[in-house]
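The chain below stands alone and is given as structure tokens, in the form predicted alone.
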């Protein structure tokens, strides 16, 4: 194989691929490699960890076609640290690839490309939507999944269509996040459970991508194609909880507060939080009191009063501070509603005037 390419375009592509390649499988060391296929003035870069795979295309000047498997981390570090240069020449033969620039020459040992696993191609009809919308849907909820694999449906992001919305939801049974994205085209998306780790990688790769993404769904596979990037992931074969039945339809107490004030108060409360991350919310509407309390037996105590519009019954209730804080980046409205019932019922947080995002948190036992 022999080709020449622009350094920055190659570096951008292998950096994305590097989020997928893994060196954690000693039984299959080729998984730490990128498969580079050079033909017809295109360089196809592939990486996989067997759970999620990626294929990218970079324009090159092909002299001799060929295929090599190059250690991914070595290639990224080498090209990323090259001195100022525009083009790189590649030549692969005899178990190594040679990289030449105007100031540098290096050789990298390669592995047998025949050992590299195939990346599945999804054959279904595509569903198109803005790439930024799909990424925002995943970003808004994935953190509410559990990292445990005991219940795979809880370590996943649930994606389904509901009327004119594409809905993203995730829960670890202690909190729930739901994000609704308006669709320009109506399509029955079906029910998809995307592993949360793969959802995180997809957001990292597609974040900032302009234009549309084409989504392909098969029984056990989801694939996304945007520009010269193709990502495919396995799906979880399980059933997501029927979460709608736990969302309260009415509330006895409500506080409306500026989102920035809520964020600042939670950061301050975190200074004195204990090992259980417990925060106490005290809302007395008649007395116009909305306080956040944290106490640490070794450090001290903090009580912060928040300016808010209050209504309903008095309540004194505890939550996991981290769980409450996690949703802040998903809230886009300037004002936020904090809605509650009694001390055994969940709290619901939403942006005022924004029905696209809902966050539910179960209270802590005293």
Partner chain sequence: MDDTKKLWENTLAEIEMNTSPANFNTWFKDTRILKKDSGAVFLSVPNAFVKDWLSSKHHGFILKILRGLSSDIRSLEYTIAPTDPKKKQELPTKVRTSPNRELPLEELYINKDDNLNPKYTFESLVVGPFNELAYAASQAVVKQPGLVYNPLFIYGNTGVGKTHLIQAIGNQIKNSYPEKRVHYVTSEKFAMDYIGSVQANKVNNFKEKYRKYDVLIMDDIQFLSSKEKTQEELFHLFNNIHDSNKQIIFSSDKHPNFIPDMEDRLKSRFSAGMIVDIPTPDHESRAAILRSKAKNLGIELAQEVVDFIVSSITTNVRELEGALNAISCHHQIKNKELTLGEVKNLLRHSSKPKKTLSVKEVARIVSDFYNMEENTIYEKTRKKEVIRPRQIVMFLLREDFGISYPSIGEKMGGRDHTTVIHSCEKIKAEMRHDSNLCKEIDQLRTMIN
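Residue numbers count along the first chain shown, from 1. These numbers come from a predicted model, not from an experiment.
Just so you know, the form predicted in complex with the partner chain exists too; it's not on screen, but the next bit is about it.
Contact with the partner chain in the predicted bound form, defined as a heavy atom within 4.5 Å, is made by all three of 53, 237 and 360. Only one segment in the set 60 to 68, 296 to 304, 327 to 335, 26 to 34 has any non-hydrogen atom within 4.5 angstroms of the partner chain in the predicted bound form, and it is 26 to 34. Residue 118 is the only one of 102, 118, 81, 185 with a heavy atom lying within 4.5 Å of the partner chain in the predicted bound form. Checking 153, 261, 291, 165 for any heavy atom within 4.5 Å of the partner chain in the predicted bound form turns up a single hit: 153.
Of the heavy atoms in residue 38, none are within 4.5 Å of the partner chain in the predicted bound form. In the predicted bound form, the partner chain lies within 4.5 Å of some heavy atom of residue 171. Not displayed here, the partner chain is kept clear of residue 352 by more than 4.5 Å at the level of heavy atoms in the predicted bound form. For the chain shown alone, residue 86 is not a contact residue for the partner chain in the predicted bound form, no non-hydrogen atom being within 4.5 angstroms.
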